[in-house]
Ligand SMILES: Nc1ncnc2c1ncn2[C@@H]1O[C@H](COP(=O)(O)OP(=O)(O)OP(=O)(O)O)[C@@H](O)[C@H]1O
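What follows is a single chain, given as structure tokens, in the form predicted alone.
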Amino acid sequence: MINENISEVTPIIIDSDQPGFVQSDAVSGVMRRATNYLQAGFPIHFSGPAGTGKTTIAMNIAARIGRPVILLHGDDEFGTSDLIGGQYGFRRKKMVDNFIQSVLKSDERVSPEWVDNRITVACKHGFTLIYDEFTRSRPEANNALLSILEEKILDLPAGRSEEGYLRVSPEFRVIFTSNPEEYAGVHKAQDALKDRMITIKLDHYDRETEIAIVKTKSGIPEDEAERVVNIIRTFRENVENGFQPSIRAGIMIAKVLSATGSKPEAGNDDFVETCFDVLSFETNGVKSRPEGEVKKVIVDIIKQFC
């Protein structure tokens, strides 16, 4: 039962009605494929650069499944107990027998207290697990997932005062996300784990999708969203061997425009300065130009579309 006292880990309920979610043809295709794989019982893995909507799509798919969601973010400090569970504290039990007034008998016992962690809770109750950026956890921490995904059995330590294994609920589903291996703080996932999941690679979306996202997320008119996206996409093409700005950059600029009532115009100093602040974070990647020339690159792009 969902309302059962399962542990200190509480699942979340995601509303299937997400008005801010943009569903273009490209996004619908990804959603359809991922849903088909999950229905067939396979875990799915969204892989791609930052800002390509991996987590957003994962949350939307989980909402459509309709089961409670366990959200887990990869961390280099994770060990097996952080995912499966462990002994946290102690349980004290004391019995006092004073049935005969002149005789007092007491029995006190202290035993370790086992607490299930996120993966165990999801497996036991058939929840949907979203393991966001799972490659930020060390590979050995994720070893428990191998038997979960293949044999549908979770091996449990002896300290869990129950059977030594747990059969995974047939309603259990897993959605993984990860950034490319060259990103800082990302580990290489073991081949045995990747072999058990279906990977869908995501990249920056087409122009129409990005315009729809910027417009929806910020509330600015479509023609203004189009100008912002054109600037972001052109600047992205000028980046070599550096972090390419994602659609998040366009959303930031558009939200500032919406909040201040400003317009995306080349003569608007506030707009130009906002573009400087949002886009010039990785100057070394702008066609190998010196840092001082980055603003000129941005100004030239703004003049081209505004």
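Just count from 1 along the sequence shown to find any residue number. From a predicted model like this one, the values you see are computed outputs, not experimental measurements.
Another form exists, predicted together with this ligand; not displayed. Remarks below refer to it.
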| request: Would you kindly say which of I65, I251, L38, V69 lies with a heavy atom within 4.5 Å of this ligand in the predicted bound form? | output: I251
| Just one of S137, N179, N117, S218 has a heavy atom within 4.5 angstroms of this ligand in the predicted bound form, so which one? | N179
| Can any non-hydrogen atom of E133 be found within 4.5 angstroms of this ligand in the predicted bound form? | yes
| field | Contact label in the predicted bound form: P245 to this ligand, heavy atom within 4.5 Å | value | no
| said: Although the partner isn't part of this model, could you tell me whether V297 comes within 4.5 Å of this ligand in the predicted bound form, counting any heavy atom of the residue? | reply: no
| task | Considering only heavy atoms, tell me if I14 and this ligand come within 4.5 Å of each other in the predicted bound form. | result | no
| Which residues in 22-50 have a heavy atom within 4.5 Å of this ligand in the predicted bound form? | V22, V27, P49, A50
